[in-house]
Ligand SMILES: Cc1ncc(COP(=O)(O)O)c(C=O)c1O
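In the form predicted alone, a lone chain appears below as structure tokens.
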């Protein structure tokens, strides 16, 4: 390229500025800028001494085979990854017993949720969700000008599927079920899911997000993949960000009918998965021992933490994911700030659960450090009583 020539990105910026000066911005474009940006995250890097327990990442990282594959991907860095995308869709199709046309790749599962909103929502439509749940679906729904219908959790912090199904009507384009749910870690049982799938109108897409599927131990749980061929309005989302340990690499996928996947694919960003993550994803799928190993590492630490919380007589929500919600007895925001001062990053405040702290499961050492800090920041009732007596 000649010196002074514009790159594609720079050209787009100049063109956008010129058009913006000459034209009235359409109201739809204005709605894009109205979406609030995500909450800022503290920047950290390797070796900075910060313990990050705020984003439900797998602290052990990818499979060694995946790491090797990332390195090998440098050989094709100059090429677009079309053939790798095809291989990945074929591998996922084989894993789930479907055809490659039933599979759609995303830049993390967040892009899958965006594509679902763009495909199935719009002005005059609504999306039904639990409150609280993973909020990406709600953020993207605002862009489409869809109405957002929130249904409170049950008394035991689980999806109220009866009320969610009842909230679906002819205007409902999408109903979203995160199973296990983020931020509570609770599950929808097999029996509950079967009844729900039968009650939701066929005109409504049922989007089941199984990002934390691999951590579940409860025998009452079942993946919605069991009903994929029987329920035409069912779309499932999975990710490589959690048990596969590749949150920073960004790869997710959806599986559904060819018609629904085709509708979502109209909103895909071309080449939305890079060569490194595709190579790593393929290597991860070919490493059968990785998932059970990572499940055990994360779940053993979660069980240990919960047993310590019980020893302290603390209230927590039993979780089937790689995080736990803990009742701190008051507004969680100052508690979060005190953790940050100790260089421990924990989950943000969820308005409908304002007294609850979400902590991701780290390594055993990281989780021990969190627990020690928790005991200082929010002493147990027994310790407070003994301190007063002294």
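Residue numbers count along the first chain shown, from 1. This one's a predicted model, so the numbers in the text were calculated from it and none came from an experiment.
What follows is about the form predicted in complex with the named molecule, which we do not show.
At the 4.5 Å threshold, heavy atoms of residue 211 reach the named molecule in the model of the complex.
Interface membership of residue 250, defined by any non-hydrogen atom within 4.5 Å of the named molecule in the model of the complex, is confirmed. Within this chain, residue 134 lines the site of the named molecule in the model of the complex, having a heavy atom no more than 4.5 Å away. Proximity of residue 108 to the named molecule in the model of the complex falls within the 4.5 Å heavy atom cutoff. The single contact residue among 113, 175, 305, 92, judged by any heavy atom lying within 4.5 Å of the named molecule in the model of the complex, is 113. Contact with the named molecule in the model of the complex, defined as a heavy atom within 4.5 Å, holds for exactly one of 241, 319, 204, 260, namely 241. Across the options 305-313, 233-241, 271-279, 93-101, residues that bring heavy atoms within 4.5 Å of the named molecule in the model of the complex belong to 233-241.
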